[in-house]
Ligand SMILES: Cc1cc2nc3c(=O)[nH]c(=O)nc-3n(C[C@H](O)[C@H](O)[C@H](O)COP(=O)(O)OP(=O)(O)OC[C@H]3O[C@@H](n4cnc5c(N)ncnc54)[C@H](O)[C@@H]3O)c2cc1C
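There is one chain below, alone, in structure tokens, taken in the form predicted alone.
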């Protein structure tokens, strides 16, 4: 029997970092359990399904988190290529435009039929307990750990525990267990991001993506032009993400006020050729949307073999989905390299 077959690992957070760590550990033979406070896995690999007003049975998917992936790591690129062969990923070469820059293209990758497909592909054979916010990591018999949620439900026991959640959520869980880690996590400043989702009559453009250099918006995409997306004939779907500075200044504004402001800005960018009608408008605030720049040479994950506790996340390896994938897999390697005791 592989010694990893005896290893029980509890992973708090089912975003890309947690999923990547869980998948790598499961492939090594460990028994993993993901626990996440969200309604489903993926974190910012998110696709919202919105009913078409003219036919409530027709659901339109709009990516409102991560928009496009630009792989740098060969392993991550190979993972996406495998996804293309299996039908849950595809290359996308959007046309970038706007009066402030010459038209150009920038190749990348997207999930199919939405960005959430990337997370769904990873969690396929992994147990995920959704809607379970973990409030405490508690010691159990034999040096193991358990996880307790807000309703008193207990998960475990686990020989190892991984925290793959934003730093502000990980810090309280480690306050008494790893005080130095908790202090370092509190110092990580994740920035919020307001996102506008819109459905309108389609308006032809000579671009697929805008990256405004000034104003509230930092990214505007014609979401329906991504591979595998479905929209009613003549309809267009838009994603407009505010920049970090504007979002921070308006972080606690009402959704109604933010929606009006971002919609006004979107229309200003589209003028004078505006859609004849807007069928849907809504906003979403990613409270921990953007990670700060990392220190060159910093470790991609934190692992303490003595306690069996580890931390991973995009903020440790970069600031995007690929960074989360790299951090999660790095932690899985650290755990797998640690000898498993006979009692585990």
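Numbering follows the first chain given and starts at 1. Every value quoted in this text rests on a predicted model; they were computed, and no experiment measured them.
Just so it is clear, the following notes concern the form predicted in complex with the ligand, a form of the same protein that is not shown.
Colleague: Which single stretch, out of 270-278, 169-177, 247-255, 207-215, brings residue heavy atoms within 4.5 Å of the ligand in the predicted bound form?
Modeller: Stretch 169-177 is the one.
Colleague: Check whether residue 200 has any heavy atom within 4.5 Å of a heavy atom of the ligand in the predicted bound form, and answer yes or no.
Modeller: Outside the cut-off, so no.
Colleague: Does the ligand get within 4.5 angstroms of any non-hydrogen atom of residue 12 in the predicted bound form?
Modeller: It does: once the ligand is placed as it appears in the predicted bound form, residue 12 has a heavy atom within 4.5 Å of it.
Colleague: Classify residue 133 as contacting or not contacting the ligand in the predicted bound form by the rule of any non-hydrogen atom within 4.5 angstroms, answering yes or no.
Modeller: Yes, residue 133 sits close enough to the ligand in the predicted bound form that at least one of its heavy atoms falls within 4.5 Å.
Colleague: Flag residue 31 as yes or no: does it have a non-hydrogen atom within 4.5 angstroms of any non-hydrogen atom of the ligand in the predicted bound form?
Modeller: Residue 31: no, not in contact with the ligand in the predicted bound form.
Colleague: Note which of 290, 60, 309, 283 lies within 4.5 Å of the ligand in the predicted bound form, where distance is taken over heavy atoms; exactly one does.
Modeller: Exactly one listed residue reaches within 4.5 Å, namely 290.
Colleague: Does any residue in 292-314 get within 4.5 Å of the ligand in the predicted bound form, counting heavy atoms only, and if so which ones?
Modeller: Sequence-ordered list: 313, 314.
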